[in-house]
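As structure tokens, one chain now follows by itself in the form predicted alone.
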């Protein structure tokens, strides 16, 4: 019988991080005095727009701008979405920030007003305060007795101490499992939530710092707690109004938040929740956190949506609405009327407008350099100059898209850096919008269903 040879393959597991169009944005790049830095936190140029966004950021943080609308207007590729993302990063995780595209409003599953209502309520946070009883102390001894037969309930004792007292607690099955899961041992400082039985390990006590010759970098040493073992602690939870709506509307409760199938939520449910939140606010148990709703490509909304937003902004529980568009004077969807940016005049009156301007050559070069670092690509200085020129003559977006393609061309040549030859190669392989138009005009007769000169080609 022939011998069968077995070969084993080993694959290195690496973490893959997706790189988005604005994944390099870390904030607005402002000083404490709201002075924009030329290049900081991934933001380059747009000095006036960033300063204005900084003022909006401060007013949102102080809760003074709730129910207001901000319009970011400018040509395509001037960083409108980047400014909105920078604002979201600056506000931090405690302030709700919801980003939607105007085309998402037209859903077959829900009405336009329901989609907008959910987006509004997703942008309003409720900071709920509650007091809970906890046991906090240093573990002196953990004693767990298992039955000799191997079956039956485990019993145990836990000795905890503070600087002033020491107590022994009898343990049930639930706490024994929690202690085993957290790998609690003598010398650990822990907290036990009396209501839920949740155990949190705070760290090792300083008195046990010399127990081992070496400790890992993740080991944290803390002081032995003072005072009594049982304490009352204030816990703060931040949830959005939409999350409360879903939990109270669906039969499966909070599981609907994970499935995403929230469906239409009844108005009566929302009214009851609003009344309850207002009651909590009066009692001091909760406070509202007005967040930000960002609607991109706002010109895609129709007159009904604008009317709804107009009314929603007057509500006392309204977020800051930031919208962005690259349109000039255009028709309002659903009407025959022309208006600046495709937005009704009465809606424009409510807005403060931030304008963005085209990037200069120096700024384009800096943005391309940041994108090369983000995409982990090394580029030669002369190749960067050529890529900057391409971005200036065509568009910044086209130049950014060429970075990864040029890097792949360089890798094929077994080079670590992108050279001019790589940029030229991908520039010839992938045409931009201007060369595409020129090609269509040359060969328009050979394309199917071409209307030729009868209808003017729509361009930016």
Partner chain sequence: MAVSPERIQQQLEEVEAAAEDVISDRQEIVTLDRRRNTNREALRQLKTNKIASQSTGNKSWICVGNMFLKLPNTVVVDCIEKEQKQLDTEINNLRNGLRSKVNHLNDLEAKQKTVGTNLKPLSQDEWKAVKQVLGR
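In this text, rigid core is short for the largest set of C-alphas that superpose within 1.5 Å between two forms. These figures come from a predicted structure and were not determined experimentally. Numbering follows the first chain given and starts at 1.
The same protein has a further form, the form predicted in complex with its partner chain, not shown here; the description that follows concerns it.
Colleague: Can residue 286 be called a contact residue for its partner chain in the predicted bound form at 4.5 Å between heavy atoms?
Modeller: Residue 286: contacts its partner chain in the predicted bound form.
Colleague: Counting only non-hydrogen atoms and a 4.5 angstroms cut-off, does residue 312 reach its partner chain in the predicted bound form?
Modeller: Judged by the heavy-atom cut-off of 4.5 Å, residue 312 is well away from its partner chain in the predicted bound form.
Colleague: Wondering, does residue 192 line up within 4.5 Å of its partner chain in the predicted bound form on heavy atoms?
Modeller: No.
Colleague: Just to confirm, residue 234 within 4.5 Å of its partner chain in the predicted bound form by heavy atoms?
Modeller: Yes, residue 234 sits close enough to its partner chain in the predicted bound form that at least one of its heavy atoms falls within 4.5 Å.
Colleague: What is the one choice in 248, 103, 113, 360 with a heavy atom within 4.5 Å of its partner chain in the predicted bound form?
Modeller: Comparing distances to its partner chain in the predicted bound form, the residue within 4.5 Å is 248.
Colleague: Can you work out which of 278, 128, 224, 385 has a heavy atom no more than 4.5 Å from its partner chain in the predicted bound form?
Modeller: Result of the distance check: 128.
Colleague: Would you point out which of 325-333, 164-172, 117-125, 370-378 contains residues with a non-hydrogen atom within 4.5 Å of its partner chain in the predicted bound form?
Modeller: After filtering at 4.5 Å, what remains is 164-172.
Colleague: Once the core is aligned, please say if the CA of residue 165 is shifted by at least 2 angstroms between this form and the one not shown.
Modeller: Yes, because once the rigid core is superposed, the C-alpha of residue 165 moves 2 Å or more between this form and the one not shown.
Colleague: So that I can tell if residue 232 moves, could you say whether its C-alpha shifts by at least 2 Å between this form and the one not shown after the core superposition?
Modeller: It does, since the residue 232 C-alpha is displaced 2 Å or more between this form and the one not shown after the core fit.
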